[in-house]
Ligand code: CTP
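One chain is shown next in structure tokens, namely the form predicted on its own.
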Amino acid sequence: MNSLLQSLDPADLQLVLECGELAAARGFRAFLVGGAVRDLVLGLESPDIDVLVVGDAIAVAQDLARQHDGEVLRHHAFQTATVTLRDGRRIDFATARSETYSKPGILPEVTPGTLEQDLERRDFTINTMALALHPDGPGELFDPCEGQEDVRGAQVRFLHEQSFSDDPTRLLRALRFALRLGYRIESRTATGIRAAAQGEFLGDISGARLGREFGKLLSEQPVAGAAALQEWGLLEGVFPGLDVDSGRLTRLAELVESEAPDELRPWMTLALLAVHLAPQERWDLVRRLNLPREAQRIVVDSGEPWRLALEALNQLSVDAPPSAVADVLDVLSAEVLAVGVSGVKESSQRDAALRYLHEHRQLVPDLDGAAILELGCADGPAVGDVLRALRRARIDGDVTDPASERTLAERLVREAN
């Protein structure tokens, strides 16, 4: 068995060899392919298990799911499937195929193919290696496009001159792989990227595909990825008017570490790239990239809503209590605040917003609405008024423990009644 295959985690090795056996039982051949093989060549752990079947991948996926009581998600149009095991591991299966592109940027027409045809349809040579999984020769390396040589040479190289016109999302993937691995972009591939940047290749891609690839790049490389897009002339192709300010992006990246879930971070970066866009242009941007609702809110609210909030902060007196800052900023999400603060130079307003974000945003009264009603408050808007007053008192430090909060709540209820 090839030492590369033996470098897999033992549990993953057992699993992929089982895939090979299941494929062989049906008269098919199976291979470990793509990023998993690339990472093995690099001596890295890979989170991906991608199995290519020369035959019927969906059938093999169903066999594996049946043996492990797992779940299988089928995609018949592309003859692919994903199996999720009970321990959470995922295995992606694909039927070996060849592809033809009737028009740039659209999804290809797919027909069954050989191992060589499947490897040669891929994006970059470093992703075209395969390790055999069939029982009579597990671990045999297939490398028809000299991917190992490019791994050793630390370069990203496309497979043919039409690569970017066939699938313009490869423009973004080229930058992502180069930045992730610390590779240079091979000279002909670099020429192809710059030529594509002069055209409208990215405009041919559907919003969903462009948004997905753009989000992956910014998720992995929020600062360097944005800078690379601008350096290679691709940012304008994503959407006109986007602009990179490395200082702001760096400040945002520092805030993002503590202020946002992973899935929202790329859209916070996008919101900062859109700093000069007008409100309507922001709406056009989120529609172009087909962003999910939460991402739309971040991009849109980081524009005019944040500007209005900043104006309101500027109008507060220097001795305004922290609760006054909270009254202004409570309407915005933590993600929007992080984006907005990243664009503000050192000032008392920036300090106030950061203090609210880190210290005051999550403060809430110990008492809830039911407790306020038990104190004799009339049901209705008065309950909310009391709760808001209690929160302000906690933010300002006028209430520091449950006893003092209850005392204040009793007084507020008497006054409300």
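For every residue, the number given is its place in the sequence shown, counted from 1. Since the model is a prediction, treat every value here as computed from it, not as a measurement.
Unshown form predicted together with cytidine-5'-triphosphate; subsequent notes refer to it.
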Just checking whether Arg173 would be counted as a contact of cytidine-5'-triphosphate in the predicted bound form - the rule being heavy atoms within 4.5 angstroms. yes
Applying a 4.5 Å heavy atom distance criterion, does Gly35 contact cytidine-5'-triphosphate in the predicted bound form? yes
Asp63 within 4.5 Å of cytidine-5'-triphosphate in the predicted bound form, heavy atoms: no
Give a yes or no for Arg180: in the predicted bound form, does one of its heavy atoms lie within 4.5 Å of a heavy atom belonging to cytidine-5'-triphosphate? yes
Just one of 47-55, 378-386, 346-354, 23-31 has residues with a heavy atom within 4.5 Å of cytidine-5'-triphosphate in the predicted bound form, so point it out. 47-55
Please determine whether each residue of Arg122, Asp167 and Lys216 possesses a non-hydrogen atom within 4.5 angstroms of cytidine-5'-triphosphate in the predicted bound form. yes
The listed residue (Asp243, Glu146, Glu220, Glu304) that reaches within 4.5 Å of cytidine-5'-triphosphate in the predicted bound form by any heavy atom is Glu220
From the list Thr189, Asn127, Ser323, Gln79, which entry has a heavy atom within 4.5 Å of cytidine-5'-triphosphate in the predicted bound form? Asn127
Any residue of 222-250 that, in the predicted bound form, places a heavy atom within 4.5 Å of cytidine-5'-triphosphate: none
